[in-house]
Ligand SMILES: NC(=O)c1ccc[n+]([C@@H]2O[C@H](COP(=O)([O-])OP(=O)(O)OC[C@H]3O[C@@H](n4cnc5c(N)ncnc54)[C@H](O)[C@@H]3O)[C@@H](O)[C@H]2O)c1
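As a starting point, one isolated chain is supplied in structure tokens, in the form predicted alone.
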Amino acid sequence: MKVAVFGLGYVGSVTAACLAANGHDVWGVDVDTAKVGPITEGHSPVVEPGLDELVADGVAAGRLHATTDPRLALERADVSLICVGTPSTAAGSTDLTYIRRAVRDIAEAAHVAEPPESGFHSIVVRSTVPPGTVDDVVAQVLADVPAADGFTFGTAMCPEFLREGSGLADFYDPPFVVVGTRNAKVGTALTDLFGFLGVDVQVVDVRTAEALKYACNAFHATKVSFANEMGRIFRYYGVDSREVMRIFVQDTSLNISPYYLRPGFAFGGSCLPKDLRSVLHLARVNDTDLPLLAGTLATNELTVRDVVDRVVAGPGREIALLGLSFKHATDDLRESPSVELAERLIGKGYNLRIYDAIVNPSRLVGANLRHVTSKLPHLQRVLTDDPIAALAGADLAIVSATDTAAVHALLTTPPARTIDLSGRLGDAVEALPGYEGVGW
């Protein structure tokens, strides 16, 4: 394929050289001659192990070119990859100036360039951009430039996951290849373009692909800060936090795994809130700030508050709460966010009926009993083990229970509105009128 790569910084140079090394005819475009010149001469414009040799090989083979002229790059090209910078503004937002310029350059160059044999050209953003950029910004620029004869454009987002210092290895062994597009032709083109990687191309919604890179980098930053906060507090107790984290990462069932990394309701139970408060107390007595962990408690509270606010903003006073314990298949109510939610809604005057398949007030003992008695002293009166009874006459169902009986009841007696706290109720429930996900 002939590929135009707009932007010859770190991402663009690595992308161009690797694509050329695998048989594609690649034309890099940049307004900066300090980047174009070195590639033309067979050298990398950026420092990256192995890239200089790869660029030299690509140029010598006649598969890698660089130019300041978008027309030359677009001539009979199948794909344009936009790899320009998206720096932060002073306010922290993403500056999309270079994205707009690159898209406009492509649209205008199409008026003077020969179209590809198919007449179809894929415009693909590789730069990190906020969700909605392709749908709104890219689409608007294309709408502002008159259509060129012979060219039909399709758009997509294909995020990159390259780390400086290991860019070539990361390119050839990516964690995933994700293409966000609504155009099947673009999905096919990029599947062909990256076919040599031997990785399945996942075609998803455009905004999912745009959001993915933000989620990845936010999590990486969080991991760095988490490890540093552990070191900051444990050093006061003679603990080598490097050894703690060496063992910590060996747990691939919970610590380094998909577990817990699923949007939903707040955390609770007998361990997480208690132990997190204990760590924060250790920090306070040692005059140490742990803002990441303190923020974890704060964001957990905001999760509960958000559901309450959404209930208050909507109509109806009759509510069915399906699921009370902090976790499915247990009757542990200690610090259950569903208990907290129930207490707040009752306090605001809502009529609440609660279903839980396992919780039996007569069998609760110890701290479990004391906690629910302090929060919901009339639990026996509002609790039922029949989800259909809980849903009878309800204006709204708030659902964390995922058992078969709860799902069947929702489909049998659907309320006007359902707020799903788990995201595990299934497609049939999600298709109900009035369905809302708590974070989707």
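One rule holds for the numbers: they count along the sequence shown, beginning at 1. These figures come from a predicted structure and were not determined experimentally.
Separately, the form predicted in complex with this ligand exists; it is not shown, and the next lines address it.
- Looking at S122, you'd find every heavy atom of it more than 4.5 angstroms from this ligand in the model of the complex.
- Of the heavy atoms in K213, some are within 4.5 Å of this ligand in the model of the complex.
- Using a 4.5 angstroms threshold between heavy atoms, V3 stays clear of this ligand in the model of the complex.
- Not displayed here, this ligand is approached by S127 to within 4.5 Å at the level of heavy atoms in the model of the complex.
- Contact with this ligand in the model of the complex, judged as any non-hydrogen atom within 4.5 angstroms, is confined among 50-58, 384-392, 31-39, 411-419 to 31-39.
- Only one of V307, L290, A148, L162 comes within 4.5 Å of this ligand in the model of the complex through a heavy atom, and that residue is L162.
- With the partner omitted here, the residue from A102, L74, I319, V134 that has a non-hydrogen atom within 4.5 angstroms of this ligand in the model of the complex is A102.
- Contacts between 53-88 and this ligand, taken as any heavy atom within 4.5 Å in the model of the complex, involve C83, V84, G85, T86.
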